[in-house]
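Only one chain is included here, represented as structure tokens and corresponding to the form predicted on its own.
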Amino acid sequence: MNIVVPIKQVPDLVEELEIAASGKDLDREWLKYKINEFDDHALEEALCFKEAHGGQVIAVAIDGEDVDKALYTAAAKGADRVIKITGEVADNSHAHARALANVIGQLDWNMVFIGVQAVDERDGQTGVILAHYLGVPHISVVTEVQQSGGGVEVVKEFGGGIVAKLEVQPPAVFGIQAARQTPRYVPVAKVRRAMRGTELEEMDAGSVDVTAGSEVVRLFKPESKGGAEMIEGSPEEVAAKLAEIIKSKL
């Protein structure tokens, strides 16, 4: 089976983040970017599936900061094709999903593995909306995909530690929460070899005329409002004090 993996570059959260003068975005002048953690897991799960069952892994990314490096890194890890999506695409999940669907619809594919969310996404719905545009089923919070007969068996997490196994007949979109193993590391030298030996394909995003979505009105850093209150005493005294605090908040 052929698996398409959309990947996205996001700000590295270990950096000191500053708000731009507009108050609606981060100051991106000195920001460092990295592959979205959940997309990295989606790529790893796709590579594991290919190694076990064959097929191709196709990494795609919408043009943006350091996106070429991200795609070459995917190639160094084992992706068979890497595609950069060019054109004007608004920075929201609806527009991204539309652009991805326009390109994926032109490929020979069976499954899409996409990170369940991104650190800079406001709704975490790109995978869901992408499945809608492609007209295929979607399952989110997936931790493993295995071939089963003519279809696939998917491990999905629910709240409260409940895990389910679902059988799905592709084509389908899966929102990957975590791969079955830690995403593989590739040294810089291998990425450089991929840059020299891998064809970076480009495809146009096509018409991305979407009116849904949200707009950032204001960004601000959380305000500091004092520290924690430490409660001392016997278990009975601590319990009584906690009950008193909770009652006062009701």
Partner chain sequence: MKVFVVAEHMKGQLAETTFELLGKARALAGDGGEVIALLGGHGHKDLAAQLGAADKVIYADHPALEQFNPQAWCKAVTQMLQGRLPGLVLVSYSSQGMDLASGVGTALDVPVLAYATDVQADGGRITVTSQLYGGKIMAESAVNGDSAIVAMLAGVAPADAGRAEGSPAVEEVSLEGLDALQVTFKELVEPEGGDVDITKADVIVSVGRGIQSEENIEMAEALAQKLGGVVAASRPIVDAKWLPKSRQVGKSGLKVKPKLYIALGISGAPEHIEGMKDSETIIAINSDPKAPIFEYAHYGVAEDLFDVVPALTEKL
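From a predicted model like this one, the values you see are computed outputs, not experimental measurements. Definition used throughout: the rigid core is the maximal C-alpha set that superposes within 1.5 Å between two forms. Residue numbers count along the first chain shown, from 1.
One more form of this protein, predicted in complex with the partner chain, exists but is not displayed; see below.
> Indicate whether Y133 is a 4.5 Å heavy atom neighbour of the partner chain in the predicted complex.
Y133 belongs to the contact set for the partner chain.
> I'd like to know whether E223 contacts the partner chain in the predicted complex, with contact meaning heavy atoms within 4.5 angstroms.
The answer is yes: E223 has a heavy atom within 4.5 Å of the partner chain.
> Can you check whether D80 is within 4.5 Å of the partner chain in the predicted complex, heavy atom basis?
It does not: once the partner chain is placed as it appears in the predicted complex, D80 has no heavy atom within 4.5 Å of it.
> Since only the chain is shown here, I'm wondering whether L26 would be in contact with the partner chain in the predicted complex (any heavy atom pair within 4.5 Å).
L26 belongs to the contact set for the partner chain.
> Since exactly one of I129, V103, A95, A75 fits, which has a heavy atom within 4.5 Å of the partner chain in the predicted complex?
Answer to the contact question: I129.
> Look at the stretches 82-90, 104-112, 67-75, 140-148 and give the one with heavy atoms within 4.5 Å of the partner chain in the predicted complex.
So the stretch in question is 140-148.
> Judged by heavy atom distances of 4.5 Å or less, which residues of 161-187 approach the partner chain in the predicted complex?
G161, I162, V163, A164, K165, L166, E167, V168, Q169, P171, Q177, A178, R180, Q181, T182, in sequence order.
> So that I can tell if L13 moves, could you say whether its C-alpha shifts by at least 2 Å between this form and the one not shown after the core superposition?
L13 C-alpha, core-superposed: shift of less than 2 Å.
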